[in-house]
Each structure stands twice: as C-alpha cells, then as structure tokens.
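Coming up is one lone chain in structure tokens, specifically the form predicted on its own.
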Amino acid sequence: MRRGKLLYAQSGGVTAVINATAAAVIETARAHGVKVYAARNGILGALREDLIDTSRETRATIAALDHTPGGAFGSCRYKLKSPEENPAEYKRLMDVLRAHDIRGFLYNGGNDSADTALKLSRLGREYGHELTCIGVPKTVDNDLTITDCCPGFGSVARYTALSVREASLDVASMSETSTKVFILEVMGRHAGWIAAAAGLAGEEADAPPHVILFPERSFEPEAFLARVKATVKRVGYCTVVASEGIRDAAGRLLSDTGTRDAFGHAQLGGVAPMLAQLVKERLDLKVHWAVPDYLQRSARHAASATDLAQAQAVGKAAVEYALKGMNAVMPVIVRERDAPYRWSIAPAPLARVANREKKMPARFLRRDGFGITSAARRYLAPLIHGEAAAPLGRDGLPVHAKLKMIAVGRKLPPWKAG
C-alpha cells in the first residue's frame, strides 16, 4: 500500500482492550502520515458508507482509548456470505472503498472477522482497486489458531481468577450456616480457556475453584454431583466454574436457548441456574450462582498489563503490514519463553486463521476433567500479569475517551440490503 487511506473496523464481541488496538492503529498511521477512517458498527458501517474521520480526534482522545472498554467505533455481528452468493454486497463494499480512496482495510475481530478480511483480500484485483486487507486479532475466547494467545483474553482471564478468589473467600466465611455451593458461569462456547483461567485463583490442594467444567469434556451429572458432595464434606463449601458451552454425552449444549445470532451460532445462557437446580434437588444444599456476562469482557479496571501491551502491539503491526502491502495476513503473538515471559509479533496467513478454532489441549486438562494441569498454569499465568491502571477522575471513577465521531461526507447512494 503506497497511497490512500486506511479503514479500521471492530467486529464481534468487544473486549477490555480492543480500543487500545484502535489507538495503536490510529497513532501508528498518523506517524506515517496516513489518514484512518473508522467504520461505524463494523462491516455494516462500510456497507452503509457510515465512516468516521479519526483525524478529527485529538491526540489526547486517541490516547485515552487505551483505558476505555467497549468498542469505541461500534461493533457488529454480521457475517458476509460468499462473493458468489451475494455479489452485490461485495460490489458495494468495493464501491465505498474506491469512492474514498481506501487502500487498506484492517478488521479487528475473531474467527468470522478473519474470514471477512480474507474474502475482501481476494477481491481488490478483480474490481481493479489496489487493496490490502489485514485481520487484527481480538477475542476473549482465546480460540484463534496460530497466535499464542488473543488480545482480550488476558484481561478476562485476570478478571475471572480475581472474581473466583474473592467470591470464594466470601462463600467460605458463611459456609457453616449459609451457602455451601457457589457456581460461576463464564463465557466459552466451544473452548474452555476462560473457565481454565479460573484455576489460577488457587493452586494448593482444596483451594477454589474446586470444580471446573469445560466444553472439551462431556458433562456427567453423577460424577459432578459426587465431586461437589465430597468437596463440601471435606472443605465445607464448593466453588464451581462452568463454561457456558458445556455439553452432555450426546454432544448437546446444556444451555442452548434454541435461538441463533447473526453468525448462526447458538444463543447460550442458563448453565449456572441449571447446575444450581441439580445440586439443590439431588444434594439438598444451599446454592448461589452468578453470570458475569458482559461484566467479564468489559472489566477494564481489572485488565492485564500483558494483555494491554499485546493489544497495542498487534494494532501497530497491522498498520505496518498494510503499508508494506502484506495482503491477507494477521499479526499474531509468538511465545518465546514462559518464565520470564517473552513474546513477539509475526505475520500469519489469514487462510490459516479464518473459520478455525483452537480448543484447550488435552495436556492442559486434569485427568479427572475438573481442573487444570501445571502445563496450563505455565501457559496462563503470564497472560494475567501486571495491572493496567486507568487514570481516575475527580468522582473516583476511571476517565474514558469521549470521541467526536465526526462523519465523513457520503459520496454514494444509500445502501439497500439485498
């Protein structure tokens, strides 16, 4: 890419540090004299020609994105069909890019976003428009292939480990006369990385969490109940962490609500109350449960310093790759050593990332299926290191970026979805 502008967009579920990636993209492009437009609400903004001129934002505002959770420019769950299935959609995208002289497209998201960037990367030449597409990694689920870890995961992992440790101290203090079992439901549709991170809360024998339920292992009610009962008898209480994506022996999701999102994924929810009901009915124990839901992925106050640094690094590298014309790649994190933790950034082909999923390896799961191994601890521990503190305002709350969000003038007719 030797000329033109960059278009940056955020996609899918946001994280505590995705805006730090956005800040790194904008700051790096400015250092190279390149203007960045941001698509409002992901790829939908590109289709609608709803673009934001980031050059109208001050340096201080862009810098404040480093400690602002959510998706500053808006995100979406919108999966493009193939160019053969919906050629009009791709023509519209290329028309918008061409109208605004956009020569680089950076899509910050997970598996489906990598697929979108890959599809667009193949169309520039066909439409006679020079275009470099870069996938920028982001997902709390930590399920992207090739990369050692995913920006966004380290922070949710830290939040989860902290929450489990603190909540368990609360439960333990009241367990003789009150709650005996506490169940925390965490995100993780097919991969149990977040649930595994809860295991960092305690390492010694009988330290919580006492039971972790992973999507990678079939849920067996009798074994689960036996473990809970034995733990309560021995320890006095039991902390359970369950991934939302746990399945029964037949492979059915325990929490499938029967509805689907825009990507076609099953809408999940309700594992914790289901498990709580099972414990109450079968063991007659007092149970409390909690579902942090969006709290776990938006908890910037608990962000990991490692995660923040990696989110910034992939944003910087994405711009540098685009300016070099490295089409259809993604900057990924390469682990060089565990202790002390050392990592670097390298390019990986989008074709090896798109529509693929990294699950917990068997060596990370204890044989009994209810906890993590020492190998998993060695992998996970560095990712939650360091506190990425945000500046506080006079009200005692963190200061977050407030963007002007000045729109770029439209040059094309309104888009009509086909």
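From a predicted model like this one, the values you see are computed outputs, not experimental measurements. Don't overthink the numbering: it's just position in the shown sequence, from 1.
Not pictured, yet referred to below: the form predicted in complex with a further copy of the same chain.
None of Thr145, Ser218, Ser344, Ser173 but one reaches within 4.5 angstroms of a further copy of the same chain in the model of the complex through a heavy atom, and that residue is Ser173. With the partner removed from view, the residue among Thr132, Thr306, Ser75, Thr116 that has a non-hydrogen atom within 4.5 Å of a further copy of the same chain in the model of the complex turns out to be Ser75. With the partner left out here, a further copy of the same chain still marks one of 30 to 38, 65 to 73, 350 to 358, 52 to 60 in the model of the complex; by a 4.5 Å heavy atom cut-off that stretch is 65 to 73. When contacts are judged by a 4.5 Å heavy atom cut-off, Lys402 counts as touching a further copy of the same chain in the model of the complex. In the model of the complex, at least one heavy atom of Glu204 sits within 4.5 Å of a heavy atom of a further copy of the same chain. Contact check for Val14: a non-hydrogen atom falls within 4.5 Å of a further copy of the same chain in the model of the complex. Contact check for Ser82: every heavy atom lies farther than 4.5 Å from a further copy of the same chain in the model of the complex. Contacts between 153 to 171 and a further copy of the same chain, taken as any heavy atom within 4.5 Å in the model of the complex, involve Arg158, Tyr159, Ala161, Leu162, Ser163, Arg165, Glu166, Ala167, Leu169, Asp170, Val171.
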